[in-house]
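Just the one chain here, the form predicted on its own, laid out as structure tokens.
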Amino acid sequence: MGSEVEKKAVFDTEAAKVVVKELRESFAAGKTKSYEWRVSQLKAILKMMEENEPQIVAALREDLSKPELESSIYEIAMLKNACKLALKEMKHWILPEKAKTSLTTFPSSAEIVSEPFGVVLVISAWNYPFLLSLDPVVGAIAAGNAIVLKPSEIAPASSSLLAKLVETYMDNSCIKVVEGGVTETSALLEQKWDKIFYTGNGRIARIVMAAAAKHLTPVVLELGGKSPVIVDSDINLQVATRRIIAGKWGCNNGQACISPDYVVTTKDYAPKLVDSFKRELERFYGKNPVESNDLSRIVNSNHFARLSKLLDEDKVSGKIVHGGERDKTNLKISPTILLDVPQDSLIMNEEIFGPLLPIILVDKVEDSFDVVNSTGTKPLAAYLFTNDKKLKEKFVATVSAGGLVVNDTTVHLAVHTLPFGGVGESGMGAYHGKFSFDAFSHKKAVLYRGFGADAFVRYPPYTNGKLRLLRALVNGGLLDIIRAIFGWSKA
């Protein structure tokens, strides 16, 4: 009897069709387009975060052993800030944007109208299950869409709590959460969406994009990649080291898409950098970091095994200069630094997404740019520590990445006036701040004309005179138009 009930509860293609149909009906009724509805739902997210912070922190602790500070600041506070910004600015975002017109359509006026795409799908990731689920939803709501959110099953406590909270606090006729794994995601991807927003890895992104292509659905893909850190000499080494540590191990123990993936520095400077890492890591996490409550655990045994394989490769295992301790039972790996790692090793040929930090050595710091660009892929972020103005300029000019930061790591994520997104294999499209609103809005071009000043030159019969005048109107300046009107030839 119980198994029959379970079978009926499976979320399959038919169930997905029903969900999308209900949302399309709500969207067609114009419910999500009203300013008041958008405000009410953004306020609902704020209230949801404020009233349930202890439960959210507990779920993140259960899924990832995430420290309370990281949960409260990097997930809850950042999400609340996104809601507050949208509530403050949305009235301006939704206004039509005036656009210039030309002589070709004179007299006329034009504007760009932001309209919601319709019914959108947000597929989230497990490493920041609340922020990466609801931050895109903030943009989708502000833009006036109906939404299905699919949280990651790899963080089950967070997924379950998200589903419960959204059902309790939000308008379920327009915003729904679908839990589950591959079966449920596949059922959702078989449907026609007006936009898909996916956060995760490149392998799944290709599946998402292939499904979207069947319906010509636009996508935003927030992926990752091997984000490099270039370290110059003649810097404040302690500050630089601490900021790298904060971006690497202080962000979910390296399980973050913008975490530093590897360091490039000179052979001469590397010993000083390693010594600084050792001092600061011990200061932050103690002599036995696998027992520290300030480090997240590895999310599951599969990821633990993957990271162990990277460490155990013959050409890498002898390169560990700090850390390397592993607790398989509790899925903990200590902050690990590897020096002079070969570029053809496994650890240098896939995104690490964990607490391992290889250091690549070069003769001159300028050679670092060749190392970064030789990977053939563009990372989500790239970082440079230097006081050299010319090196900063070369970094910005030659390194292609989703975002660049000079003399810090990961903090660009918190600047809402900057677009956050990847390029190439690290993703496509961007969000945060107004960019989130734009990601879920179609920019509709509108041109207004009256019935006066009807140009005879656009109508048959076509003559050489009309041709000259139209050419001048389309390609020329005022003098060319005057010449064409009077039939003067150019000298």
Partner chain sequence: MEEIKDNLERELLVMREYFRSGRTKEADWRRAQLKGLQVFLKENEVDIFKALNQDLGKHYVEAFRDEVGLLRKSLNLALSDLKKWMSSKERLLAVVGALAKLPIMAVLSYAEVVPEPLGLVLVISTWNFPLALSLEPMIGAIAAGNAVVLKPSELAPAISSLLVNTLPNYLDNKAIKIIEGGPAIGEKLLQQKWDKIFFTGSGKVGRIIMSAAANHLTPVTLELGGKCPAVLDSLSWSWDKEVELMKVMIKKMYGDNPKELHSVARIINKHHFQRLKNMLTDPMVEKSIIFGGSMDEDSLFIEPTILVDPPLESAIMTEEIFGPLLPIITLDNIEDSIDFINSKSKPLAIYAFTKNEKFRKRMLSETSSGSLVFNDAIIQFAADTLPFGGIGESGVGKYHGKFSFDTFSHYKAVARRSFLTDFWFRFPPWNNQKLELFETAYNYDYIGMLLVILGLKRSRMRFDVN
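Numbering follows the first chain given and starts at 1. All figures in this text were calculated on a predicted structure; none of them were measured in a lab.
The next section is about a form of this same protein that is not shown, the form predicted in complex with its partner chain.
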Self-check item: Output flag, Y285, T386 and G402 jointly within 4.5 Å of its partner chain in the predicted bound form, heavy atom basis
Solution: yes
Quiz prompt | is_contact(V18, its partner chain) in the predicted bound form, heavy atom dist at most 4.5 Å | solution = no
Quiz item: For L467, is any heavy atom within 4.5 Å of its partner chain in the predicted bound form, or not?
Solution: yes
Self-check item: 4.5 angstroms heavy atom contact with its partner chain in the predicted bound form for R61
Solution: yes
Exercise. Spell out, yes or no, whether the shortest heavy atom distance between N236 and its partner chain in the predicted bound form is within 4.5 Å.
Key: yes
Quiz item: Can you say which of 218-226, 338-346, 325-333, 254-262 gets within 4.5 Å of its partner chain in the predicted bound form, counting heavy atoms only?
Solution: 218-226
Practice problem: Check each of H92, K214, K164, K315 and return the one that places a heavy atom within 4.5 angstroms of its partner chain in the predicted bound form. | Solution: K214
Quiz prompt | in the predicted bound form, the residue from E366, E184, E351, D194 that sits within 4.5 Å of its partner chain by heavy atoms | solution = D194
Practice problem: Determine the residues of 396-418 with a heavy atom within 4.5 Å of its partner chain in the predicted bound form and present them in sequence order; the list may be empty. | Solution: V396, A397, V399, S400, A401, G402, G403, L404, V405, V406, N407, D408, T409, V411, H412, A414, V415, H416, T417, L418
